[in-house]
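This text opens with one protein chain seen in two forms, each one given by itself as structure tokens under the names structure 1 and structure 2.
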Structure 1
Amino acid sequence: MRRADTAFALLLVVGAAIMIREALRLPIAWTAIGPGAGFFPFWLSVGVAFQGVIILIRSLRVPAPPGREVPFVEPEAWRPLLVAFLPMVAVIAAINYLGIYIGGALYLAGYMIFVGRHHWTSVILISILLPLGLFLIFERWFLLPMPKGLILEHLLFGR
């Protein structure tokens, strides 16, 4: 477990450093119309990097347990992990076509149906209202354009 924690912490720090570098390509300060486009990605990445450093320090301070090390993921836990992870990879791969809102809604609906086994009314309500709320927050209030994908671009702007 200790090695997995260390590896995961290093992965978080490296990923956050990449995200910070990309966020700094955008304005991160307050602008005339609100926070710059890089404000939230920058501070979110700083928070992830900070947490990664804390996990790294904790993993290095904990002594290695004697004997066989406990696996990071138990063998029976791989299936539910892959059920959640592989659709997420598919949505990210199709983000240019689906956009973040439709892709997020599909992922959320699929997760609620196949993993959570929630009632269909809850699935429809949450998988529509949550992306709609995020759309209003990012696109309307913060004026931060997010990837909309071909479908939403066509529906909203006719492009």
Structure 2
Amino acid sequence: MRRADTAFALLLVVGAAIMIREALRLPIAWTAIGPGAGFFPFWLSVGVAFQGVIILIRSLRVPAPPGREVPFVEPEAWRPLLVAFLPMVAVIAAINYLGIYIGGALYLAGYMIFVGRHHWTSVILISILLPLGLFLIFERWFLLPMPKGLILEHLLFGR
């Protein structure tokens, strides 16, 4: 956990430095309309970078705990975390084809099988009915257009 704290602080300082560079592309001094567009972001990113350095230095000064160092993520917690995270990446990456409803149904079914270890009948039933209910709520009643994806568009409108 100590090492993660330092590493993350370092990452934040690097991020702030990038923001400083981005702000410097704008006028940061006094212009015809008062302070330039880059004035506020520039001084903020300088402040954030400074604060990041302070956090970084302080993280280095934390003494090592007696006994075992607590890792940032316990080894056995990696699996459930990745099972939740990686399919999310996959579904968003394929959102143009799957859409939110079919993508969501697949995510739900996968999660129920691999994490919940539910019976296959309830997997099929829930992963069809729940997204269908959401579809009705958001598309029909609240008229919010969600990405439906090529597959669903084809089924609904024959395109």
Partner chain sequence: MDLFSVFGNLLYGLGVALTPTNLTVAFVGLILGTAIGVLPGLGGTNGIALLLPLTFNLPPTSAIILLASVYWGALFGGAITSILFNIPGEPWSVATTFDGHPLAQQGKPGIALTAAFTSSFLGAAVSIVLFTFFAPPLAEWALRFGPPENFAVLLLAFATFTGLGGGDPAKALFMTGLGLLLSTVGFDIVSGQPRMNFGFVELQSGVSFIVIAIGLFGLGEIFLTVEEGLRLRGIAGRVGFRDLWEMWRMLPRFWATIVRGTILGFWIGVLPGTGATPASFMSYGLAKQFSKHPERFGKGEVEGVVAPETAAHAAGIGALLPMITLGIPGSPTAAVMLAGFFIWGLNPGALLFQTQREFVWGLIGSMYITNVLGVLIVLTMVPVFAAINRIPFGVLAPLIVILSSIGAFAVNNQVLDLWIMLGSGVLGYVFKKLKYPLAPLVVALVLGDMTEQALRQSLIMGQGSLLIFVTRPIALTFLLAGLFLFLLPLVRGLRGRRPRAPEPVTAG
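All residue numbers here refer to structure 1's sequence, counted from 1. Rigid core here is just the name for the largest C-alpha set that superposes within 1.5 Å across the two forms. Note that this is a predicted model, so its numbers are computed, not measured.
> With each form of the chain shown alone, which structure should be assigned as the form predicted on its own?
Replying inline: Number 1 is right.
> With both forms fit on the core, has G15 moved 2 Å or more by CA between the two structures?
Replying inline: Yes, its C-alpha moves 2 Å or more.
> Is I33 among the residues whose Cα moves by 2 Å or more between the two structures after superposition of the rigid core?
Replying inline: Comparing forms between the two structures, the I33 CA shifts at least 2 Å.
> Do you see a C-alpha shift of 2 Å or more at L134 between the two structures, with the core held fixed?
Replying inline: Stays below the 2 Å threshold, so no.
> After superposition on the rigid core, what is the displacement of the C-alpha atom of W43 between the two structures, in Å?
Replying inline: Displacement of the alpha carbon, after core fit: 30.2 Å.
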